[in-house]
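Below you will find one chain, with nothing else, as structure tokens; this is the form predicted on its own, and questions on how it binds or moves follow later.
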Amino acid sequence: MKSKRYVKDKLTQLLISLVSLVGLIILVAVFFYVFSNGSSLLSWNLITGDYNSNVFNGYYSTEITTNDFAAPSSLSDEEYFSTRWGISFMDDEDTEGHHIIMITYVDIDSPLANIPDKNDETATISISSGQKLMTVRFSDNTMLLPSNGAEKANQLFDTKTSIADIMVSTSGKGIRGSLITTLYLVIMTLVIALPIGVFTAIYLHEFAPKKNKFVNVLRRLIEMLTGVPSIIFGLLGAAVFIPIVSSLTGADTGNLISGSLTLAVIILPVIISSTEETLKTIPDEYRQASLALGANRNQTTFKIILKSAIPGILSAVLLSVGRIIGESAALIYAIGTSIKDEIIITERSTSLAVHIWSVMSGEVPNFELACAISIIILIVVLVLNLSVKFIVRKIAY
């Protein structure tokens, strides 16, 4: 009998271990896929760069016959320098993984440092490092395309004496605007939802009658809201919050304010439930001791109980921030999918999660860029997690 029970216990433990191992393998596989596909695109330019690129179109008709420029010593072996035009090129990839020719250096005396603007004869454009070389048509109609590569570009520039048409652009496809939008959403949503959620939890646990039917119904409704699909909250944002915000601010579309209000409704149940559970863990002796020393109920609640509940409230904030950063379905309706570089709270914009949806919703999904943005989201959540744990530990000890 004992041997059968022993075998049964061992088989149960083995089954639990195998199921746990499968879950761990799946989790590791997902992380491996994200990091292996997105790490190559991670760069400071991706994080700080604009999504929209600016295109400049110019020309240089005066013939150059001398090769007077010397390559600076700072150039690497991967950079090709034209001694005739005083400009260097390097093969690179943009944030979407496409091959480009990057301009890495332009001499201050280079004729390309200040050339006529082909679209406005009264203006000039400046070609500088960090720009992409799009197309060049020399005066003899020889064409240079990004697919030719940096070495071919250098050879052509060294042999050609004038340029009929040159197009360059800033890098573009950066996520700075989406990152700023996400930070705005986090701050604005917490400003709206955190006080409401905490005070609601305080009322439910500290002030509301313990066996009141209305209070019980309210708790059930809050629990129900945690299971409502976020797409329904997005419809709420589109049908309710956008018209309200439009009537108050004059905005004619979804915007950061309507998005923040929608997210506030989404995270309210999380904050209320987490805060109330934290309040339940605080011993009643704290309340009784405070009241015995002469403090009234309000003083006891806000100076003793609430202070003791700060670690739990911070945990609720962490869960809420993770939900805000990762939310996409609701924001598609409540704020829009326009990727912008200039962020205005009364206009459309895009969070990092919606940015991922945007790059994956086209005819050719961009898995690499989506994975790169996912890595950034994971890093942000990890930093927030460690920060909250550090603050909780400091408060606790």
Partner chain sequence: MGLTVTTKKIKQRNKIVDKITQIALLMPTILAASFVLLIIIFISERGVAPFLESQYGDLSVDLIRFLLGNEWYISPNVYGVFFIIINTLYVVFLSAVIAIPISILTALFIAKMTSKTISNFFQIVIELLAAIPSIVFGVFGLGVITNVVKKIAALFQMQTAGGISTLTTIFVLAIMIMPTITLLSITAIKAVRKDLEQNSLALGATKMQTLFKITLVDAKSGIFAGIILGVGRSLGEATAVSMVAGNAGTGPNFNLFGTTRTLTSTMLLGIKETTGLDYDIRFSVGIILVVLIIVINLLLNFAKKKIGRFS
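Here the rigid core means the biggest group of C-alpha atoms that line up within 1.5 Å when the two forms are laid on top of each other. Everything numeric in this text was worked out from a predicted model, so none of it was measured. Residue numbers count along the first chain shown, from 1.
As for the form predicted in complex with the partner chain, it is not shown, yet the points below apply to it.
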Notebook entry, point to check: Quick one: of 51, 69, 357, 35, which gets a non-hydrogen atom within 4.5 angstroms of the partner chain in the predicted complex?
Noted result: 357
Next item on the list: Please pick, from 203, 184, 105, 138, the one residue with any non-hydrogen atom lying within 4.5 angstroms of the partner chain in the predicted complex.
Entry: 203
Notebook entry, point to check: So, 12, 17 and 228: all three within 4.5 Å of the partner chain in the predicted complex by heavy atoms, or not?
Noted result: yes
Next item on the list: Indicate whether the partner chain has at least one heavy atom within 4.5 Å of a heavy atom of residue 326 in the predicted complex.
Entry: yes
Note to self: How about residue 87 - does it come within 4.5 Å of the partner chain in the predicted complex, if we only consider non-hydrogen atoms?
What the structure shows: no
Next item on the list: Indicate whether the partner chain has at least one heavy atom within 4.5 Å of a heavy atom of residue 123 in the predicted complex.
Entry: no
Next item on the list: Verify the contact flag for residue 5: yes if a non-hydrogen atom of it lies within 4.5 Å of a non-hydrogen atom of the partner chain in the predicted complex, no if not.
Entry: yes
Next item on the list: Mind telling me which stretch in 209 to 217, 154 to 162, 169 to 177, 69 to 77 gets its heavy atoms within 4.5 Å of the partner chain in the predicted complex?
Entry: 209 to 217
Item checked: Residues within stretch 258 to 284 having a non-hydrogen atom within 4.5 Å of the partner chain in the predicted complex -> 265, 268, 272
Notebook entry, point to check: Is there a C-alpha shift of 2 Å or more at residue 384 between this form and the one not shown once the rigid core is superposed?
Noted result: yes
Note to self: Having a change of 3 Å or more in the C-alpha distance between residue 387 and residue 48, I'd like to know whether it is closer or farther in the predicted complex than in the form here.
What the structure shows: farther
Next item on the list: Compare the CA separation of residue 307 and residue 389 in the predicted complex with the one in the displayed structure, and answer closer or farther (the difference is at least 3 Å).
Entry: farther
